[in-house]
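Just the one chain here, the form predicted on its own, laid out as structure tokens.
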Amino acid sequence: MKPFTLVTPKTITEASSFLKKHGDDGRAIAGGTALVIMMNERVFNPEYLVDLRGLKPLRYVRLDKTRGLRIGSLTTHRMIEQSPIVAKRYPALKEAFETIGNVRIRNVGTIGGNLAYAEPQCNPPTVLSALDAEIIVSGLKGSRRIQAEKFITGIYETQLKPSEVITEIIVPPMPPKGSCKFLKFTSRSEEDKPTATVACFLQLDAKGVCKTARLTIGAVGPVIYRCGKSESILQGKPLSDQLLAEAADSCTDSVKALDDIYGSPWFKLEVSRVLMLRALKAAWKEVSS
């Protein structure tokens, strides 16, 4: 690892100013579970690390009756996994965070660091996209909102500007007759990085017709994929086993899978379709009961 200087800002403005000044020579660090590994492998060689751990006000899980779930960017995976609010109102979020690596990683890694790192094989972006979450980023020019599904633009690439840091994640309230499910597949151990992750959100109206469908696939390629064709198959129709199967079969139509150690493109797409069908059936069963 290349030697570096550690900077400990006391405010978001201080952190943003330093990152703006040093550009590619400076990187923000929170838990460090991902960045330190990449620095050891010399993928990243920053001269300065901006340690955000001192910004303790960014560590929280709160429920806002109007806006929904609010999570500070320095909240650890373990805090989200163990939150009673998350377990009761957003169980899919709990499922995604309790299966990140092992408990040692979850005790240190943060949701903001996970999103900013933008590694393809991550759980949170997939489920946050299905839940229609927003990522709040702050910089020298103020704050702005970015849809979770559009935040990651490529491998290790995001919409973050040089002076910006993630400050909060907002997940809308779960509506009546709404359900979200998250599933993942790992080819080796449960602690391994996933071959594929899928999430689906379904909402039915009073007559049992699908009012909203959001289907997402992650880990298979460089970004999160929204399954638009599958959503159009479901929305506005009474759900059935046949309709769910048709939607699952179409969910990978716009997905560009990568060939890597986690599987071939063909294998990743096959796994994604199987997982999506299981997730859809589980969500349908929940909203129909």
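All residue numbers are counted from 1 along the displayed sequence. These figures come from a predicted structure and were not determined experimentally.
One more form of this protein exists, namely the form predicted in complex with a small molecule; it is left out here, but the text below deals with it.
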Flag this candidate site as yes only if Ala133, Thr195 and Pro265 all have a heavy atom within 4.5 Å of the small molecule in the model of the complex; otherwise mark no.
-> no
Taking the shortest heavy atom distance, is Ala116 within 4.5 Å of the small molecule in the model of the complex?
-> yes
Would Arg27 sit within 4.5 Å of the small molecule in the model of the complex, counting heavy atoms only?
-> yes
Would Ile105 sit within 4.5 Å of the small molecule in the model of the complex, counting heavy atoms only?
-> yes
Is there any non-hydrogen atom of Thr99 lying within 4.5 Å of the small molecule in the model of the complex?
-> yes
Segment assignment from 172 to 180, 201 to 209, 78 to 86, 121 to 129: heavy atom within 4.5 Å of the small molecule in the model of the complex = 121 to 129
Using a 4.5 Å cut on heavy atoms, which of Ile233, Ala34, Leu63, Leu239 is close to the small molecule in the model of the complex?
-> Ala34
Of Ala213, Ala92, Ile152, Val165, the one that lies within 4.5 Å of the small molecule in the model of the complex (heavy atoms) | Val165
